[in-house]
Ligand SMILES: Nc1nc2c(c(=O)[nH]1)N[C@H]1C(S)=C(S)[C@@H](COP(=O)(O)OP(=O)(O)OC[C@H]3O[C@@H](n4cnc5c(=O)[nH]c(N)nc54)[C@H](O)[C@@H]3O)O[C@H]1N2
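Coming up is one lone chain in structure tokens, specifically the form predicted on its own.
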């Protein structure tokens, strides 16, 4: 027996980026606990992080490629093969299809797991280029796209996203978020419970706006049970009040905002008296909340998935930041601030840029506008099934499970069965990848290095950490899989190593050509040998770090950050609290915060129309919302036994009054019906949901024929997206409407 060894790494399972201490004995992890010396998480850990090694050890996780030889519903139709055979099969089947039908017949879907993996992020453009298509779909349009769109309109870049400065705020208003269960999202903040406790200890206040009395709401000084789907109505009413009395306070941004003089007129229809009946919160309460935000020494407003997966998701996201702006809390300590990640571009000397637009191209069938170079995932089924020269016949998926995570997902499943060929890069044969012709399994999270390229740009404190590979992988790395697939698709004949070397050379060439780079004008051949990292994605991160705001500049700033420096700092490097970045971070054409761009003005008109539309004004009926649990992460951790054991968590929660009206009993089954589908779920009667609201968790419904996740199948639950409507989207972002879905609930008739 060898001695126990401690390894430190960042958890890759959610946005919290918690530091882990892994104890390894005889090449196996025997314990995981929180890294008490991590500069960001300081020892915090959730149940998912503590069983990371169980995902690595899972016997159902794929370790070699699989080829399907028969029906997707037949679990015996699969052959495990070697890598050469898998790629040969792809070359024989997929490439002729693209040659016959053109590159527009191909599409790419990127799932949520890839955003936790810098190798996947770095190589996604390579795969898109190799397919030669504009048909890109991601999990962003079932989750967060409204925030990208509102940020693009306001600040000129869809990735310039303000986050709540929760460590310094005196007053936090949280809408549609339950970080005690989700660990936070679009606000990277390990130990959200501890941070909220610290807020209360320093005399601060917390207001939670949510149709459910969640665990987070239990901590709140005030909980407002809003009617599902009306977050924009409430936020516009708050804006109406603040702009009327006491009036806007722009703080240091005075003179750097366009449209402020027109804003009061734009929000005039949305008084608390008009909005209150729609959102279920009385006018006096709305006015009091507005006054509290405006008069607090500092206030942060945080709106998350419950405010995004609704018909006015972009408008709600816009209103969150505008409310912060007009109360002097945007880009101000304790308010809503902009992270400056270590791998990001250094702060600019002046504001201004090209601005940002959507709709540069449109989807073939439904005419949905492109947003951030992608189409809404709700468009994918129509693109597969609708005849035409550009019909999607070939699909590549990287992670994710859209057959469970997208609206009216049974419709998408039927479409996937019509594809001519599908390739999936995935750890499992799940409800989606069972339709693939070839599954290429990437390494486990412990078989790759890790850097949170996505989430440090959303962190409530500027930090960075890098984790080396813990275990050697018996097979190609993820970037090697993608590079080899790209080589097959383009018939380049290049090896994976040659393709990746070319990608790295192009990254360096772009950087030395950037006029404001610390290595501007230097030769790529000089820079390439200086890059650290075991893999090309590592070296690209090293490049970004070294030319970034805290980087060593390849000698220009001795002592600056690099991958080598992060390796030496095994508990991470803390670059300090968030600091004001405006106006220099603005990339709008005017160089100002642009409040009233045309799409926002038009959507304000659409919102005003709801004041008289029966769909919004009627209060009868039930509305379905989702919910999160701390042991769950969408659909992709349900095959880990330690996370699904215990009492069933996939239940239909309903208020006692609503249950009594429908003769429902606790634990019995009920039929839930929407416009597009129906399902049967076990009833859980609880006053934690508001009257008129029912709740099902997202990401369940396992055990489909042909899938191979037996633990998940044994705890199958039901698929809430059997009920969500593929035609219901936020039109500005294309984001799916997963909350506030009209449903009927009835007791299951006994035969």
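Residue numbers count along the first chain shown, from 1. In this text the structure is predicted, and so the values were computed from the model without any measurement.
Heads up, the form predicted in complex with the ligand isn't pictured, but that's what we're talking about next.
In the predicted bound form, residue 627 approaches the ligand with a heavy atom inside 4.5 Å. The shortest heavy atom separation between residue 335 and the ligand in the predicted bound form exceeds 4.5 Å.
In the predicted bound form, at least one heavy atom of residue 142 sits within 4.5 Å of a heavy atom of the ligand. The ligand in the predicted bound form comes within 4.5 Å of no heavy atom belonging to residue 327. Figure note: of the listed segments 502 to 510, 640 to 648, 573 to 581, 221 to 229, the one touching the ligand in the predicted bound form, with heavy atoms no more than 4.5 Å away, is 221 to 229. Taking 331, 165, 210, 479 one by one, only a single residue has any non-hydrogen atom within 4.5 Å of the ligand in the predicted bound form, and it is 210. Of the candidates 459, 175, 586, 161, 175 is the one whose heavy atoms come within 4.5 Å of the ligand in the predicted bound form; the others do not. Contact residues in stretch 96 to 125 (any heavy atom within 4.5 Å of the ligand, taken in the predicted bound form) are 109, 111, 112, 113, 117.
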